[in-house]
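Quick setup: one chain, the form predicted on its own, written in structure tokens, and binding and motion questions come after.
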């Protein structure tokens, strides 16, 4: 390279380095400004998790909403071996089991918060724009395939303070959730993924926002012939063919929730250690219009309109200290609502309808901590009957899972957790030998962990070394394809690393 060209190349690289440094400093400055402008911002690892019941305190109730940009994230990265030369693999047989062997998954969340003068009332009006992008494994580092599985989980805006200080409204797409069962990675009551909108009214009864009423309406549609179908048709130009929409019937979901918090006593001034109860009533109405589709014989098939209802409730108790709580959930669903908002209904009745299906579900979530000891509990039982009317349908079943995780902190940043999990599944189907289809398994885990943010069942990030032992009965092995290694193995091992984090992450 000539001296002149070399000098020009060095100059270009120098300007690129200068721009890169300036850009990095600008990002750091913007992040610092956003954090400084947000009085509600909390350091990483201290954000309340989905499982911890949210309750207002005297400190947070008086703090104004922040302004500026906010960055948040939920994520976990896992890698494991089966100790037999293969990769570690999730081994649950029920819909919700131990979360210790969940695969890699992460969300990146960006928010923009603004505050506006309320010209027609008292106080101010706030807005919040939320964008959450999700990424699922496997990672490029595992497969060598330069690709990614992505999804938009939240893309909405909300506003608060118009008409009434407790009034809020939102429009967009969002994960619309309540409390979860953390150990099972499971939201047993309100867990919708919808594109729509909603309103919420928070009332000052016994304390700030102790009573809330929320209404949400949204649409969703699975890419399945039950609700959507395209067929080839002649092009309007007269040359070739084109795909046209033949069936299009999205599901309309309307949800209504009423929640009340009752505090047993007032905490000390400026502190939030107030024990109390949470009571919630929740309901959903699902509907789909009638339609026509082409069946496997290429004949037109009439699909009737669909309806379904879900009603449920939650009773919780919390101490206000160290995320100690217990939550009980109950729900009953009929028709279309019994299949969930994103599940494609199967085993329909003779009219190709979900009428006759119903589901009953109970769930428990609890956490207790005292000194260096703690214990997390999660469990559920579900009884589902499909719409087919077949007394021996494989889609009619009872299932349940119970997980208990005691743990001890050896100091402030290191601990050891043990986990026991029992899963059971029984369907109405009968095997060739006349026996009912039943399956069960036991899972035991040993998890030493590092917790940089200190003690607590929900402090994050967590750095975990996980060993899991799974013992399947013969029925559990029969649930896998004959050539699947899980069909041949009674015992399974899982040894791997997992890191999990969350901060400034919105889930409601």
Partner chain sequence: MRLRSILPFALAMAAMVATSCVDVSPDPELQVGNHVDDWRDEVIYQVLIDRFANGDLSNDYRVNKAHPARYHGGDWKGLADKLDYIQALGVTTLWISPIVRNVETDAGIDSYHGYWTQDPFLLNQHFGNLHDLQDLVRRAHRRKIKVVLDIVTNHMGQLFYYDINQNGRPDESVQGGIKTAKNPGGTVHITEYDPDYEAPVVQSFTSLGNAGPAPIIFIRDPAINRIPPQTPEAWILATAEGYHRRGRIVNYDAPPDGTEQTMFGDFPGGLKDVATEDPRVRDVMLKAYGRWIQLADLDGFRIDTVKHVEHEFWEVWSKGIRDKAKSLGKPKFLLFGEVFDGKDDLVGSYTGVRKDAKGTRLPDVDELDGLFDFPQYFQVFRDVFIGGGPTTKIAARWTERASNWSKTPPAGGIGVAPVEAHVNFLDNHDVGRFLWQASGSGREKDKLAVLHNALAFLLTEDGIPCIYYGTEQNFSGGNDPSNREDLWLSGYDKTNETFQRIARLNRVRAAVPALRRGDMQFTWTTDHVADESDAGIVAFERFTADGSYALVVINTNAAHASTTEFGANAMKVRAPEGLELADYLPPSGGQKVTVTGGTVKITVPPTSAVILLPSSARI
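Positions refer to the first chain, counted from 1. Not measured: the values here are computed from a predicted model.
One more form of this protein should be noted, the form predicted in complex with the partner chain, which is absent from this view; the next part is about it.
Contact flag, residue 296 vs the partner chain in the predicted complex, heavy atom cut 4.5 Å
Contact with the partner chain, yes.
Examine residue 319 and determine whether its closest non-hydrogen atom to the partner chain in the predicted complex is within 4.5 angstroms.
Flag for residue 319 set to no.
Can you work out whether residue 140 and the partner chain are in contact in the predicted complex, taking contact to mean some heavy atom pair no more than 4.5 Å apart?
Judged by the heavy-atom cut-off of 4.5 Å, residue 140 is well away from the partner chain in the predicted complex.
Spell out, yes or no, whether the shortest heavy atom distance between residue 434 and the partner chain in the predicted complex is within 4.5 Å.
Yes, residue 434 is a contact residue.
Ok, 89, 112, 260, 413: which has a heavy atom sitting within 4.5 Å of the partner chain in the predicted complex?
If I apply the 4.5 Å criterion carefully, the residue I get is 260.
Of 118, 398, 212, 285, which residue is found within 4.5 angstroms of the partner chain in the predicted complex when only non-hydrogen atoms are counted?
Only one option qualifies, and that one is 398.
Okay, which stretch from 195-203, 403-411, 387-395, 72-80 lines the partner chain in the predicted complex, with non-hydrogen atoms inside 4.5 Å?
Going through the listed ranges, the match is 387-395.
Just to make sure I understand: among 351-368, which residues lie within 4.5 Å of the partner chain in the predicted complex, judging by heavy atoms?
Those in contact are 352, 358, 360, 362.
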